[in-house]
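A lone chain, given as structure tokens: the form predicted alone.
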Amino acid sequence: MQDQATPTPTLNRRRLLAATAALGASALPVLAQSKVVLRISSPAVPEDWHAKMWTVFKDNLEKSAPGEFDVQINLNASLFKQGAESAAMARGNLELSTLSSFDIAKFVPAFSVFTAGYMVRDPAQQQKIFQGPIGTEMFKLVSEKMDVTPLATAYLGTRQLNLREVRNVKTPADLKGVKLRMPGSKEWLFLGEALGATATPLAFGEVYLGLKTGTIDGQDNPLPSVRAAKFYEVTKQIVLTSHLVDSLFIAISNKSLAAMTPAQRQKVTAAAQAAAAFNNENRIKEEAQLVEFFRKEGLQITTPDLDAFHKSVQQSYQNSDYAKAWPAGLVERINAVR
């Protein structure tokens, strides 16, 4: 009977190396899975500050928690279409996105106070409101009812009126009969009527032609949107009504948040706040520069009686069904924030 060959030391070493390599390869997915995956869905285009802020978020996390997170940024609504993000986060199918006050108000009626005209005076007050007790209370409602938690407030812009023909606009009465394009929801149309105009729903993509042909007499948007869509080519005046200081809230799925350690939650929150601060600083700077840009393009820039607009618009809301959903005393508390 022939003896079984004894493996040589060299062969043993080869087998050991092969086994170690195989073990290492099988361990790679485990190592990859140990990172916390944060998928971000945003409708913003890459040039927008609201898109660029996500890179700030990612870079901030890489510095504060190297190797702990896998941040995946998806712009242009390529992962989830605009409006579907909150449901996806509630189901745990998405970790992070931005939500508007209008998005949140659908689920948290009390939040509709922030869709009302002249409720927030300026970006500075906006930040004080949401970083203070009011923000804490409202964000708690959002977390309880939507299964998402707002982490930071990003400034979306201050909406102004942009008119096809020059008018002497001092009070809401001066907008009587003006066909003012507004987004199609009832909340937006109510705001247009409260401003004194005849609110006219029209898709954003049709606004330029509508202004050019006279189908509409004006539109409202933050100044960066006016430039980006080139509405200044078919209008002659911007009225600085500043009727809505709009917000975007960087929000995270409660399911994702619960799976993190306390230290990780703190780092993610800090990254979100750094991203919002980056956006806010650049958005405010851009808006200030755009007034001069539009002047050079030949548009008349006028400022109405803002007190008259403020009182008239807030009275319209206070007498509406929207106000019935607002907690008692909330409007007074917001107005008192300085």
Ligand code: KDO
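Remember, it's a predicted structure, so these values are computed and weren't measured experimentally. So that the term is clear: the rigid core is the largest set of C-alpha atoms that superpose within 1.5 Å between two forms. For every residue, the number given is its place in the sequence shown, counted from 1.
This protein has a second form, the form predicted in complex with the ligand, left out of what is shown; the following refers to that one.
Across the options 110-118, 178-186, 262-270, 138-146, residues that bring heavy atoms within 4.5 Å of the ligand in the predicted bound form belong to 178-186.
Though the ligand is absent from this view, in the predicted bound form it lies within 4.5 Å of a heavy atom of just one residue from K255, K106, R159, R227, which is R159.
Think of it this way: in the predicted bound form, the ligand has a heavy atom of just one of T200, Q125, Q82, T215 within 4.5 Å, and the residue is Q82. Taken together, the three residues P43, D48 and D220 all come within 4.5 Å of the ligand in the predicted bound form, as judged by their closest heavy atom. Although the partner is absent here, S100 sits close enough that one of its heavy atoms falls within 4.5 Å of the ligand in the predicted bound form. Residue contact with the ligand in the predicted bound form: L248 places a heavy atom within 4.5 Å of it. Once you line up the core between this form and the one not shown, the Cα of Q219 ends up 2 Å or more from where it was. Annotation for T200: C-alpha shift of 2 angstroms or more between this form and the one not shown, rigid core superposed. Here W188 counts as shifted, since its C-alpha moves by at least 2 Å between this form and the one not shown after the core is aligned.
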